[in-house]
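Same protein, same chain, two forms; see structure 1 and structure 2 below, as structure tokens.
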Structure 1
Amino acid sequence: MRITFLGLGIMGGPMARHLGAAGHDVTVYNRTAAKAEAWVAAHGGRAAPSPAAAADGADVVLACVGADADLRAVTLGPDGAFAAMAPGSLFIDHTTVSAAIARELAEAGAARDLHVLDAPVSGGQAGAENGQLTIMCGGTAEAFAAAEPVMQAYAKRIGHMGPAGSGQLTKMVNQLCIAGVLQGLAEGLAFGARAGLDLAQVVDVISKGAAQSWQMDNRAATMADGKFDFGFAVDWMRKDLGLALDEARRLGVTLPVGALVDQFYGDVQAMGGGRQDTSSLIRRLGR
């Protein structure tokens, strides 16, 4: 298929690479053009100068950019993809954004006879590199059926969660579950270190019991070593918790731990750690 990918960041770059490796004819667009040129030099395909130019003639257009305003710019903006997409073609959004913009794009797409799927991902940089992402989708049954075989190139689990916006709502649940676990892990490790325990031994033992988590298995050792270069940025987590807190207010739900951890991440940003990964929460505790 003729596939266009918009946004070659930590996540989008490797996802686009998997689509090329699956045999698709890939065109890429990246705001910073040098990154698109480097991608083409490494993986083939072609680079286009705007989202519209990249989307012209594509069967499927995918995006993985930053936040709501960025997604709006690459889809509905002056040189956005939607105006160039052919009727009947498919738009898959892997950005983590609000449920509101997911619904807005679904409506704008339907008016142009485009299929639109909100499809945020979980699994981090390693999941994107290894093609092992979890993808939570919102949209029509037709959009999901068309998108699923394309996304198989980099997924280990794909779920259709309901109508437009449902993928983003599921991702908010995902982020809330991670935030509390990470703060608990940070406190446990900081406490253990202050108590004079060997953290490697502690983690080796308790990770075989009820304290085990993905964060413990993948981040405890590096948190103990003060290494925070694992892809999912604190700036993005604050965006995601902000989306969940906004949605919770609309729903009349309280999220006290999510709100607190959001503030803690604000501390990490103030310490200069906005681009460090989310396990850097432990820095507030003197590690």
Structure 2
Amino acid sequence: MRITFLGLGIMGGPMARHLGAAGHDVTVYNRTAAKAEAWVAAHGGRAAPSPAAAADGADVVLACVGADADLRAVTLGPDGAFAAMAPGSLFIDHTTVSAAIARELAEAGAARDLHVLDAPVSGGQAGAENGQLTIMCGGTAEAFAAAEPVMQAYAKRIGHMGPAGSGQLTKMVNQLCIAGVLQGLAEGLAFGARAGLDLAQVVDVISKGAAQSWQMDNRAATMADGKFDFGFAVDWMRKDLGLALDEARRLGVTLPVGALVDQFYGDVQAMGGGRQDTSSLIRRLGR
């Protein structure tokens, strides 16, 4: 298929690479043109000077950019992709954004006879590199059916969660759950260290019981060692938690733990840890 990918960050770049490796004809666009040229030099395909130029003639356009404003710019802006996309073509958004803009793009796409899917991902940089992402999708059944075979190039689990916006809402649930688990893990490890326990031995034992989690399996050792220069950045988690807290206010839902952990991440940012992995929560506790 003729595929366009907009946004070549630490998530988008590997996803686009997997699409090329699957045999698709890939065109890329990145706001920093040098990054797009470097991607083409490494993986083939071609780079385009604007989202519209990249989307012209594409069967499928995918995006993984920064936030609502960035997504709106590459889709509906003066050089946005939507104006260049042919009727019947497919747009898949892998950016984590608000449910409101997901619905806005679905409506704008429908007016142009485009299939639009909001499809945020979980799994971090390692999941993108290894083609093992979990993808939460919102949109019509037709859009999901068209998108699923494309996304299988870099996914281990793909779910259709409901109408437009449902993928983004599910990602908010995901981030709230992660935040709470990480805070609990940080407190447990800090407590264990202060009590004089061997943290490696503690984790080995409790990870075989009800305390087990992905975060414990993949982050406990590095948290204990004070290593955070990898993974999903605190800055990004605060953006995601902000989306969840905004949506919660709209829904009239109280999220006391989510709001508290968001404040704790603000403390980590103030400590200079904005680009560190989300497991750096433990820094607040003296580790």
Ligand code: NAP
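Shifts are known only where both forms have a C-alpha. Rigid core (definition): largest C-alpha set, two forms, superposition within 1.5 Å. Here, residue number means position along structure 1's sequence, counting from 1. Everything numeric here is computed off the predicted structure, so don't read it as measured data.
**Student:** Looking at both copies of this chain, which one is the form predicted in complex with the named molecule?
**Tutor:** The chain shown first - structure 1 - is the form that fits the description.
**Student:** Superpose on the rigid core, then tell me if the C-alpha of G231 is displaced by 2 angstroms or more between the two structures.
**Tutor:** Yes, G231 moves 2 Å or more.
**Student:** At 2 Å or more of Cα shift, core superposed, where are the runs of at least three residues that differ between the two structures?
**Tutor:** After superposing the rigid core, the only shifted stretch between the two structures is 229 to 231.
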